[in-house]
Structure formats: structure tokens, C-alpha cells
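Below you'll find only one chain, the form predicted on its own, shown as C-alpha cells.
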Amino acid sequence: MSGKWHLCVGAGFAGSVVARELAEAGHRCLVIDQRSHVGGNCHTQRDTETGVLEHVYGPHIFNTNDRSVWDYVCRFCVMRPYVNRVKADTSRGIFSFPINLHTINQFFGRKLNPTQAKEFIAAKGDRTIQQPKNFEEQALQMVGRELYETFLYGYTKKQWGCEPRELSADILKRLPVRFNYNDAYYDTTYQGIPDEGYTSMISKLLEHPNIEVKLQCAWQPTMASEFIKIFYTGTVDSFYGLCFGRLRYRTVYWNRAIYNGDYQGNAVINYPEIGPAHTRVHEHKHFAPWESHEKTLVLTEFSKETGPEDDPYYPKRLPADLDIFEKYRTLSELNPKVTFLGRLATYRYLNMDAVIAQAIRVARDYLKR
């Protein structure tokens, strides 16, 4: 490569969107990824036995309130409307989740209207907690101990591998409590799944004469001198050779099974109590209800700490982690040739729409210089 090329490290949404923006502006861009496919953790493929479109690294439902981001992704796919409706399997029964009016009435055996339910749950909440300092205090203030222990405590402990009181209150603030019968998991205007999957969509996003894609190609520091600019979407600690230590993430893994017919009647069922070791069960054909399949693909999800050979998913962001990240962030600001973006490089939990919006903004700001 001559020095006139730009490099995007990672062929997920962040790197691919930046590459597309640069390419449409007339710049040549190489996109590399250490995996054998584009799409990052959004990668989808057909299961050979069932024909079901599998979300290989876990289910992804595209949702956003940003019309410009929705219109952007719709340039590269047919986005099928899809509303994720999650159920929670507990020792007291199966309930709608997130907690909504149906959950509240079913759980407590009541027939409350929205106003009555607000007052009822407010009375359940711990009024001694004025400023929640952590996840547990936030939950106890919001919904009280019964709902917390049934729907939130066990799931959170399994998902994050620590006591909820060790986690930030901000994690829970992303999860709504509704006082109506809206059982949609996401409360956003635009929701859907690409009809041919995310890998097809990102492949089309990368189809441009100014973009070259090289798979099974890992980032090497020696590449830096070959390019005008580098947009890096991998883990920031690995970019710097773990010089300040390893940032902690949680990762997930699955037990796969194939059955005839319909296994659980829903795409996602959570197992929020401590008893079952797994956190969720996904039945992938329900993520594409416009398709028909005789067999079904079921994945049971478990969570664990991310080891050196694991794919990182969720930045843990405990105080010790944030102290380490701040050192990496400070170091990254000294290298103007490299821009860090995306969930892994910025060590933040970002939804797909936020990653796309960030990538568009980063690319367009760069093009203005």
C-alpha cells in the first residue's frame, strides 16, 4: 500500500461506516479484520442443518430514535420491522420483561391501572435511598426488593460476574419500568432486522471501488507507517500492548441444540434467577418471523470473564477498570494519526445506532480538516 491509503481496523459497523464515508468522499481505504468475515459481532449466517438465519455472536435487533441513522442503514438492506418481546422464566411463572403493567399485575395478583400501579410500585421502593450509589440501590429505589430479587439480582450477578452493588447505577437506568401494557424490549421509534442479515448489509456497505477488504488480517503496529490515517475499532489495551494492564470485559458463549418444530415459542427468554447457570435462551428462527422452517436452532447463553483467547463483549467498567482506561485514553490523545472509535476502543457500552452515529461523525469531522 502506498501512503495515500487510509486504514480501518475492524470490519464491524464502526470501521465499515468510516470506510464508506471516506470512500464516497474520494479517499481510498483498506479495511482489515482478524476474523474470516465482515460484520464483527453482528455477523449472521445460515445454519446448514435448519436453514435458520443465525446471529452467530448473539442476537442483534437494530433500534434507534435517530431517523438519519435509520435511513443510513436502510440504504444497504431491506429492514424488516421486528419488535423484540422478551419473557422471563422464574420460579413464580413466566412474565413479560422489561417490567411493565402486565408484569406487575401478574406478579402481585392485582388488577391495577397505570396510576394505581405507579403508586403501588412507589410504595414498594426503598424511600430511604435518596441518591442511588450503585445498581442495587437504584433497583431497590425503583421497584422494591421483590421485583429486584426476582428479575434483576440473579441475572445481573450471572451476567457481570459480581454483586450488583459493585456496578454503576447507570446500567439499570437503560432498562425501563413501564406502567402500561407495552411489552416491547426497546422503547424506540425504529426497530428492525435486515431481511438478509447483518453480514449481507455490511458487505453491501463495503461495496465501493475505493474500499478494499482484507480478512484474517490482524492489526500489526508496523502497519502504521503505510497509511495516512488509522481508524482503530479493536480493544484499546491491546493496541498499546497491555502496557497499563488488561481491561476487563464480560464475554458470552452458547450451547447449541436443534429441534423439530417450535422449542419455546419466543425469540428470547431470560432466566433471571440464580438457580439456572445460563442467562438467556435464544430461538433464532423467531428473529425472522417472515421465514418458515421445520427445524429450529436454539442457543443457551452463558456469561463469563473474558480471557486472552475470548471475544470481548461488554466492558465491565468497574472503578479499577476505568482507572486503567483513563491511562490508555490519555496515551491515545498523544497520537493524532490514530482515531479510536466503537465499543471496544472507547471502552463503553454502545448500541449499534450509537456506533454508526459516532462513525459518521468521526469520518465527517476528519473530512472537514
Ligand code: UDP
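What you see is a predicted model, and the numbers here were worked out from it, not measured in a lab. Start at 1 and count along the sequence shown; that's the residue number.
There is another form of this protein, the form predicted together with uridine-5'-diphosphate, and it is not shown here; the text below is about that form.
- Across the proposed site, Phe95, Phe107 and Asn182 without exception lack any heavy atom within 4.5 Å of uridine-5'-diphosphate in the predicted bound form.
- Trp160 is the sole member of Trp160, Phe227, Tyr82, Tyr232 with a non-hydrogen atom lying within 4.5 angstroms of uridine-5'-diphosphate in the predicted bound form.
- Though uridine-5'-diphosphate is absent from this view, in the predicted bound form it lies within 4.5 Å of a heavy atom of just one residue from Phe287, Phe151, Phe239, Tyr249, which is Phe151.
- Only one of 272 to 280, 67 to 75, 213 to 221, 117 to 125 lies within 4.5 Å of uridine-5'-diphosphate in the predicted bound form by heavy atoms, and it is 272 to 280.
- For Phe302, no non-hydrogen atom is located within 4.5 Å of uridine-5'-diphosphate in the predicted bound form, even though that partner is not displayed.
- Shown alone here, Ala169 lies farther than 4.5 Å from uridine-5'-diphosphate in the predicted bound form, counting heavy atoms only.
- Contact between Val298 and uridine-5'-diphosphate in the predicted bound form is not found at the 4.5 Å heavy atom cutoff.
- The shortest heavy atom separation between Leu175 and uridine-5'-diphosphate in the predicted bound form is within 4.5 Å.
- Of the residues in 21 to 58, none comes within 4.5 Å of uridine-5'-diphosphate in the predicted bound form through any heavy atom.
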